[in-house]
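As C-alpha cells, one chain now follows by itself in the form predicted on its own.
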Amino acid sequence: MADSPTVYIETYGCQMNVSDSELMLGRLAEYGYRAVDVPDGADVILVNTCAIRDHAEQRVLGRIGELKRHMKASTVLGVTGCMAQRLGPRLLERAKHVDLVIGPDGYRALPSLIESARNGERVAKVDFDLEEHYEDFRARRVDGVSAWIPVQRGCDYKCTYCIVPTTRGPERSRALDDVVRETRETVAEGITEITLLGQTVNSYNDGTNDFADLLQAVGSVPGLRRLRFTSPHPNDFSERVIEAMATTGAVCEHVHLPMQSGSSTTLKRMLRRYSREEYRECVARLRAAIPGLALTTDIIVGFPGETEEEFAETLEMVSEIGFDDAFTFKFSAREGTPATRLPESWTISDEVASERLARLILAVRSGTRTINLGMLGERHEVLVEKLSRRGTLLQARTRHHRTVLIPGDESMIGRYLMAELTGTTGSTFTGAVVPTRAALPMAG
C-alpha cells in the first residue's frame, strides 16, 4: 500500500465539482492510486476548478502557483473542471508547471493522460462528450454520511450571465435505471441520505422518464431515508413534479430555488425566462403542496442595467417570500457570455454593487433570524454529519436543511436523532438531544 502512487485532489465550486472529484478518485483507485489528504509530495495533484465567477478563477490561479512548493520533481499537476474547460490550452501557456488540463467530460482518460504527462507530454483535453455519464465509474465518497448522485450534465437555458453551457455543454440526462442502481449501491454502503445533482435538475428527462418519475423511483429504494436535489429551475416545477415531491416520503421539505433577481426587467435581461410574478406563483404552488417547506435561493446584485428601483424590487421579494437563507453575489462578467455584450453604459460600479450586496445580506439575515427565533422549542429529526468547527459539538442537519449544533462525540456521526432547538445565532441552531426510539444508527 505504501508503494502505491498517491493522488491529492483539491476541489473548488459547486456540488457537481465535489461529485466529479469523487468520480476521479474512484477512477484512479482502479489503477492503484491511493488518495491522500495533503499535497506534499503527492505523485499526482489535481485542482478541480470552478469558472462561475472571476474571483473563483483568480483564487485557483493563485493556488496553482502555491502548489509548486508541494511538488516533487516527478509530480504531475493537473487542472480539471470548468475553468480547465473554459481556458483549455491557454492554461498550459499561463502556468508552465501544469501538465494536464482536463474538462468535465474527459475524466475517463485521466489515468492514460497522467502516464503521458510522466513521459513529458503536456495535454489539454476539453472536448465535449454528450454520451458521457461515467456509468461504470465507482465514486470514492469523501463523505460517509451523505452522497451526491449526478443525474444530469450540462444546461440548455443559456442565462446571459452564466458560463455553464460553455463549460459543461448541452443538457443530457442519465437513464433512470442507472440512477436507481447507484442509489441502491450507495444505500448498501450505509449512506441513507442522497442528493440528486443537475444544473437544472428538475428538467431531467431520459427520453422516457421525467423528474417526477425519478423522484418516485429513487425515493422507493429500500433503506433510503432522505432524498434531496439541487439545483432546480422555477420553470420546471410541473404539477407532476410537485405531486411527486409531496407524496414521496423520502423527499425532504426543502427546495433551493434560485431567484437571481426580484425584478422582472432584470430577469428579462438575465434571460431567466420567468417574471417576478411567475416566481412568486411557483413558490405558492410548492408551499401549498408541502406544508412547512424551507426555501433557500441565489441572488445576484449589480447585473448590468440594474436600477435602484429594480434592486428595491429584489429587497421587496426577499421580505415578501421569507427565504430561510440565500447565497448572494455581485455580478461577475464571464468571457464569452451574452452579458458581456450589453452596453457598457449599463455597467454597475463595484462601489454601488458592494453597497447593494451589503443591504441584501442584511435583509436576508434579518429574515433568517426572524424565522429561526420562531422555531425555538421545536423538535426535529437530525442527521449527525460531522464534528463542528468548534470541535466540542457535532454538526447535524434537519430534513429542512437547517444546521443544528448538538453535544456529543464522533461515535454519533451518521445517526438520526431527535433534537430540540434551544438557541440560534441567526443562521444556525444549537440543540439538545431528546431521548427517543427514533435515535437509530444508519443502515448497514
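A quick note: this is a predicted structure, and the numbers were derived from the prediction, not measured. The first residue of the shown sequence is 1; numbering continues from there.
Not on display, but discussed next: the form predicted together with a small molecule.
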Given the stretches 139 to 147, 218 to 226, 258 to 266, 359 to 367, which is the single one in contact with the small molecule in the model of the complex, using a heavy atom cutoff of 4.5 Å? 258 to 266
In the model of the complex, R184 touching the small molecule (heavy atom, 4.5 Å): no
Contact of D298 with the small molecule in the model of the complex (heavy atom, 4.5 Å): yes
Considering only heavy atoms, tell me if I52 and the small molecule come within 4.5 Å of each other in the model of the complex. yes
Verify the contact flag for R276: yes if a non-hydrogen atom of it lies within 4.5 Å of a non-hydrogen atom of the small molecule in the model of the complex, no if not. no
Partner-contacting position among Q199, N372, S173, T75 - heavy atom within 4.5 Å of the small molecule in the model of the complex: Q199
Selected contact from I114, C162, L87, L286, since only one has a non-hydrogen atom within 4.5 angstroms of the small molecule in the model of the complex: C162
